[in-house]
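What follows is one chain in structure tokens, specifically the form predicted alone.
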């Protein structure tokens, strides 16, 4: 397959990292960009589509946009209108539902207490927390905040199901991302900007990439067309180990199997997401997609999530050994000055959506860091 046009940039991957860079290079620098995407769709893991019941479904798990970064919000607002949405999550523990992140309501319901103020909750946490001089892992960071019992009830089994590792085998960053609250705020996020794209993420990406300087090849492995494309520079957002043909071994990821079900009721559960934190269920969470998009339908679609080792790479597994292996690949990439490696997969790093957008915009600022 000979491609008769010459491109300034070949970008591998049509997720957030690749798409933001493509849009900015095309619209702001008049660069000609070819995006090569191995899947049959754009938008990466944020991809959503309507199922046969007229419900907008997030095919790779719920993507909830939240940020405190006005620059990121303003940038994405060029490509979508927004619908205000505050995500709320409940934890199912022994058949009862509790607010997550752990807050004052969680404690009062779980232990039959009557804590009334932030100070009383702080005192309670102080009375049960375990002193850790050095935080070595995810177990340490949770028990040092809320003690052993809350860790066992809400964190241990959920984390084990998610990662197939005990929390003490994982970097502190895994559970360290989960806040602990002393107030009665039941929102999962507290960011200034909490919205969902009004028409969905896929529509937002379509508008982002709708530019005369951008061409997209889908269902295409970039390695199979490398010799047929004329381009000046490459931006690679795919898995780092695949780029280097696994010369240092595979970088392990957790993937997810989604089990979808349409239910003949208007709603299935009381909130969009319920986490199943004990070990009596194999799945980690149930998401009711209709509550994310507010579709007006008589039925509802849910998905159950079963973490697994095989499948699409979702989450880099943050252990010390994996970090060392990634660093070997990073040294290889540093030798190649003509290719920019960036994004979640290429950096073997978990990022929120707004973090990826921010990183890409900053990279383009005054061409800092861009090849």
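What you are looking at is a predicted structure, and each value in this text was computed from that prediction instead of being measured. Numbering follows the first chain given and starts at 1.
A second form of this protein, the form predicted together with uridine-5'-diphosphate (UDP), is not displayed here; the remarks below concern that form.
Peer 1: Any idea which of 296-304, 103-111, 208-216, 277-285 reaches within 4.5 Å of uridine-5'-diphosphate (UDP) in the predicted complex, heavy atoms considered?
Peer 2: The contacting stretch is 277-285.
Peer 1: Taking 4.5 angstroms as the cut-off for heavy atoms, does residue 159 touch uridine-5'-diphosphate (UDP) in the predicted complex?
Peer 2: Yes, residue 159 is a contact residue.
Peer 1: According to a 4.5 angstroms non-hydrogen atom cut-off, is residue 229 in contact with uridine-5'-diphosphate (UDP) in the predicted complex?
Peer 2: Residue 229: no, not in contact with uridine-5'-diphosphate (UDP) in the predicted complex.
Peer 1: Is residue 155 close enough to uridine-5'-diphosphate (UDP) in the predicted complex to count, meaning some heavy atom within 4.5 Å?
Peer 2: Yes, residue 155 is a contact residue.
Peer 1: Should residue 253 be classed as touching uridine-5'-diphosphate (UDP) in the predicted complex when contacts are defined as heavy atoms within 4.5 Å?
Peer 2: Output for residue 253 is no: heavy atoms all beyond 4.5 Å of uridine-5'-diphosphate (UDP).
Peer 1: Please tell me which of 234, 272, 175, 76 lies within 4.5 Å of uridine-5'-diphosphate (UDP) in the predicted complex, judged by heavy atoms.
Peer 2: Of the candidates 234, 272, 175, 76, 175 is the one lying within 4.5 Å of uridine-5'-diphosphate (UDP) in the predicted complex.
Peer 1: So which of 163, 124, 193, 85 gets a non-hydrogen atom within 4.5 Å of uridine-5'-diphosphate (UDP) in the predicted complex?
Peer 2: Only one listed residue qualifies here, and that residue is 163.
Peer 1: Note that uridine-5'-diphosphate (UDP) is not shown here; using its position in the predicted complex, name the residues of 64-80 with a heavy atom within 4.5 Å of it, in sequence order.
Peer 2: The stretch 64-80, when checked against uridine-5'-diphosphate (UDP) in the predicted complex, contributes no residue at the 4.5 Å heavy-atom cut-off.
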